[in-house]
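Just one chain follows, in the form predicted on its own, and it is written as structure tokens.
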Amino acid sequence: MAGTASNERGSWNSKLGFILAAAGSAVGLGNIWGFPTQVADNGGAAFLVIYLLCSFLIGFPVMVAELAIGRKSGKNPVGAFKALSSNKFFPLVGLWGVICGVMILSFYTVIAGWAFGYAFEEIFYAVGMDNVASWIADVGNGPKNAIVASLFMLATIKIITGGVSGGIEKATKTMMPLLIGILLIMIGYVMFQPGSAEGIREYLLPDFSKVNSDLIFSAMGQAFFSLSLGMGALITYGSYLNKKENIPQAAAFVTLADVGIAFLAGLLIIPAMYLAQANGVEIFVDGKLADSTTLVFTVLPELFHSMGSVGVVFGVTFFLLLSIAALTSTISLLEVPVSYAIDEHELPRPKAAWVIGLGILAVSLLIAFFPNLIGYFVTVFNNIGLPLGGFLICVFVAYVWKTDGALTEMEFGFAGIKQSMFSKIWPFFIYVVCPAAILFTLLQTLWSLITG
């Protein structure tokens, strides 16, 4: 049975396949609508600059650590910590990461279903079937939420059953270029529409007077979460990585892809917001920019409705874009517990994918009828769970496995790394900068919950 489990794990066929899959894991709904609204609310390019710095100074070093853990062990997050140390605590850290990924996936599928459903809302609205369009647009509609969440989970399970190269890699090699292509086409259209120029200025002109500690930690949180750190996804993806691959280089490419798509999303969403305003759509609520959910599921649909036949094409395309971004993330979220089941419980991949996927769907169906639960899940498993996992991964690499052990693993694919500048800088970030920054953010989140 152990041999069967090992064969079920698979590996990446190419560096490009890994980069697109890992970037797909990182790129999600937060990049497409969460990031642009944070930029618009926090000084435009001032936030963008700080976000880029945090991505490379905090996110990139932790990503390298996760990939090194995964490749060295060839295991899921729980098995990886068992393989690299006799310490009994850290496998629990890996298990916590698996749990966080499972619970995030349970509500993420519902939100992804909203985005997918809105593609049909645009069509039904255009043909005059307003009642059907309104039924689809109601995010509190339990039966509708259950249907679209189920479709999304079934698509995710189907991809996962295909394995690493035949399922995940094959799917992301198609979806990621498609996502980027749709983004570029939509940006090209929006930038030449009346009113969008104001949005471009809001996005690209920095207002450094808004820079404060809250903005910095908001940017750091966005960078950390958008890179899928702390939940074991990159440990899992790293476990499928060939020994000849250069881990720091691969992590740099993934980070660039993630921040690049976030930048493009901002170049689409913020000008589109001001285009909506030019078309008579209210984008401010009580003097503040509408929150990201209101923006995506109220403001932008109103804009598309006001644009006639072009708006139908634009709206359907936009919500399909969101759906693709969501699917690239749900794939990685499901792969983590599936990898755990294959490694630790010797389940065949198809059985693991269906059993775990349908189990998570049962929780998703509960959330579909009670969407107010999403806020609680986000707080516990996203806002607290992920930074806690990321902090403990830094502690493990710095003080248990040791950074020298990680650098030894990185010598495969990067000969001479221990004589390079990277070997002098990266350990300092893992020992001091990253854990301190992540811990401060985590404590700030906990304090705001206690006092707020």
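Residue positions are given as counts along the sequence shown, with the first one as 1. Given the structure is predicted, the values throughout are model-derived calculations rather than measurements.
Just so you know, the form predicted together with a small molecule exists too; it's not on screen, but the next bit is about it.
Not one of Gly79, Phe81 and Thr236 places a heavy atom within 4.5 Å of the small molecule in the predicted complex. The closest non-hydrogen atom of Ala26 lies within 4.5 Å of the small molecule in the predicted complex. Using a 4.5 angstroms limit between non-hydrogen atoms, Ser228 touches the small molecule in the predicted complex.
Within 4.5 Å of some heavy atom of the small molecule in the predicted complex lies at least one heavy atom of Tyr108.
Of the heavy atoms in Gly30, some are within 4.5 Å of the small molecule in the predicted complex. Judged by heavy atoms within 4.5 Å of the small molecule in the predicted complex, the contact stretch among the candidates 219-227, 311-319, 371-379, 186-194 is 219-227. Checked against the small molecule in the predicted complex, the residues Thr172, Asn145, Ser332, Thr156 give one hit for a heavy atom within 4.5 Å, which is Ser332.
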